[in-house]
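One chain comes next, on its own, written as structure tokens: the form predicted on its own.
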Amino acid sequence: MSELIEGFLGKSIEGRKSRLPAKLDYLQSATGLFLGLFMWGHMFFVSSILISKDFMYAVARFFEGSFIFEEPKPGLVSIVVAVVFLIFIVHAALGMRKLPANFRQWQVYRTHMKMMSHEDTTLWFIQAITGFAMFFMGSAHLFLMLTQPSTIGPFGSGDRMVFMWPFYLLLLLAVEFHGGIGLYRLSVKWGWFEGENAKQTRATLKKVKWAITVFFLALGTLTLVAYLKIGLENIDQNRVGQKYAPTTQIHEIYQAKVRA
């Protein structure tokens, strides 16, 4: 009965306000922090292609347990993706609580945003739009990685980029803007790095946020172009669908043939 009363009034039978909104807000912040840091790490992993195909291949196989097993286990990647996917869905569901639920609420927010002309309010709007886009694009990408982990590699990722580069370009923009703004707003909300002058700290954090966003957008674009170049080369050399053989492996096969 107490839960029913709290559900209708937003207060417990003792008259205290429900703590559930605060708990959900904390959970949203925690999942957002995890996903933001994960995406930074993920960007560095996939951008390993800028060093060399062999290096990217080694990174991909590392996450398949090559340092433990004789044969890589793509299923390990699926497990990691499944966990990230679950956190992604939870974060999206929690974030939807704060979106305007009808036209009237949207109208009030838009009027509020125009009247205040406050940059942080506008940043929230950008974060809401990119978050909505990520719900669909991010889910599609995660499902693809969940079901086809063995295709992650220089050739497999290159082949995929030839046909899906517009999708991944839009996903890159959505992820970097949403994640960058989200981490900035978390820092402000929870008082991280606040120091003695909160106003000055906020201005500094905003500059750092835009610098990081520009950095990852540049890194992501270069990475996308690198995979696209590999995919086009695969088409030109009629090796679409083939698995990448690292240089050391090719050398070993060549030496074996010479000895034979």
Partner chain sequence: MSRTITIKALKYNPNSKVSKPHVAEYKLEETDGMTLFVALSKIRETMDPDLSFDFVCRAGICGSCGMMVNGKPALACRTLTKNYESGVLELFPMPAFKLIKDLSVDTGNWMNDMSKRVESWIHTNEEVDFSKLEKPIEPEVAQEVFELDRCIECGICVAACGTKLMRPNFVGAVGLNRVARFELDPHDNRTIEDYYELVGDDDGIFGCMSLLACEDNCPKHLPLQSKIAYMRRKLVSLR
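What you are looking at is a predicted structure, and each value in this text was computed from that prediction instead of being measured. Positions refer to the first chain, counted from 1.
Although not depicted, the form predicted together with its partner chain is the subject of the following passage.
Peer 1: Please pick, from 73, 160, 141, 185, the one residue with any non-hydrogen atom lying within 4.5 angstroms of its partner chain in the predicted complex.
Peer 2: It is 185 that has a heavy atom within 4.5 Å of the partner.
Peer 1: Judged by heavy atoms and a 4.5 Å cut-off, are 53, 65 and 229 together in contact with its partner chain in the predicted complex?
Peer 2: No: none of 53, 65 and 229 comes within 4.5 Å of its partner chain in the predicted complex.
Peer 1: Just checking whether residue 168 would be counted as a contact of its partner chain in the predicted complex - the rule being heavy atoms within 4.5 angstroms.
Peer 2: Contact check for residue 168: no, nothing within 4.5 Å of its partner chain in the predicted complex.
Peer 1: Classify residue 194 as contacting or not contacting its partner chain in the predicted complex by the rule of any non-hydrogen atom within 4.5 angstroms, answering yes or no.
Peer 2: Yes.
Peer 1: Would you classify residue 243 as touching its partner chain in the predicted complex, given a 4.5 Å non-hydrogen atom cut-off?
Peer 2: No, residue 243 is distant from the partner.
Peer 1: Test of understanding: in the predicted complex, would residue 207 fall inside 4.5 Å of its partner chain by heavy atoms?
Peer 2: Output for residue 207 is no: heavy atoms all beyond 4.5 Å of its partner chain.
Peer 1: Tell me which of 170 to 178, 101 to 109, 148 to 156, 131 to 139 has residues with heavy atoms within 4.5 angstroms of its partner chain in the predicted complex?
Peer 2: Checking each option against the 4.5 Å cut-off leaves 101 to 109.
Peer 1: Can you tell me which residues in 104 to 137 come within 4.5 angstroms of its partner chain in the predicted complex, by heavy atoms?
Peer 2: 105, 108, 109, 112, 115, 116, 117, 118, 120, 121, 124 sit within 4.5 Å of the partner.
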